[in-house]
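To begin, one chain is listed below as structure tokens, in the form predicted alone.
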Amino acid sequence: MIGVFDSGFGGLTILRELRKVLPDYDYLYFGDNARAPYGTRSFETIFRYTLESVRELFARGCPLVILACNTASAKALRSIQQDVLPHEFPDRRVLGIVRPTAEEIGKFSKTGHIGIFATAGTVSSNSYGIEIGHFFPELHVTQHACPMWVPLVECGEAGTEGARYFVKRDVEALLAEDPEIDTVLLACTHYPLLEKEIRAALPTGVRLVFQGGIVADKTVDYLKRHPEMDCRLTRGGTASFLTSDTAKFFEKGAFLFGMHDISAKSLTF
């Protein structure tokens, strides 16, 4: 199976896009809901939680794991790839979503000014600033943390007056810092559920970029370039779900992300 990991529910937006372009493959999703959110936690804690989750997915038969969590990708991926896999799991691979997005984001902007909405953890890591700088050194990148957006989504408050207020406040703060921004990246997988509010707050002509489609297309490309991994992946068109919280809690939250009639299993570390 292809393992898909997120600190909670947001990675379901990535899973949905993966299943559109790779519908025949089998997937195992794990949401670490009991320990979410990751966005405000320390590097050490995020690394430990992410590594425990990756090991769990490996143990359950996933030779390839995608960290569908920006915070985990920003703060844990490099250490896992460089310090853990070569010694413990040389035949396994872990991919993130920061670098694939950074490889494409510069293609959307005409002014060369990019805005990024993300969690506090992702912003403080400056992973997007660093990665985008590798591919598009000419871009001007402005990042803004939105601590209220994830709770709004997970509490089912998208579409409410409160959501509109907080989104409008953050959009105005970002554009006040750089009025030349013409492209905005949603660098948190929860944020697409606030699309309506974000578009309403953005000026006409500012482009909104989502990660799901980018990551899905990059995964297709990765498997084409790595047939030795592709041949290890099963193809039954199935998706299974694990959570560190209760199954009922996960199934209820997944409903907000468009995942209906799923059956989850609970696990503890």
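Remember, predicted model here, so these are calculated numbers, not experimental data. Quick note: we count residues from 1 along the sequence shown, nothing fancier.
What comes next is about the form predicted together with a small molecule, which is not displayed.
At a distance threshold of 4.5 angstroms between non-hydrogen atoms, residue 39 is in contact with the small molecule in the model of the complex. Put simply, residue 188 is close to the small molecule in the model of the complex: some heavy atom of it is within 4.5 Å. Using a 4.5 Å cutoff between non-hydrogen atoms, residue 119 counts as a contact of the small molecule in the model of the complex. Contact annotation: residue 150 falls within 4.5 Å of the small molecule in the model of the complex, judged by heavy atom distances. Here the chain stands alone, but in the model of the complex its contact with the small molecule, taken as any heavy atom within 4.5 Å, falls in 188 to 196 among 83 to 91, 188 to 196, 169 to 177, 156 to 164.
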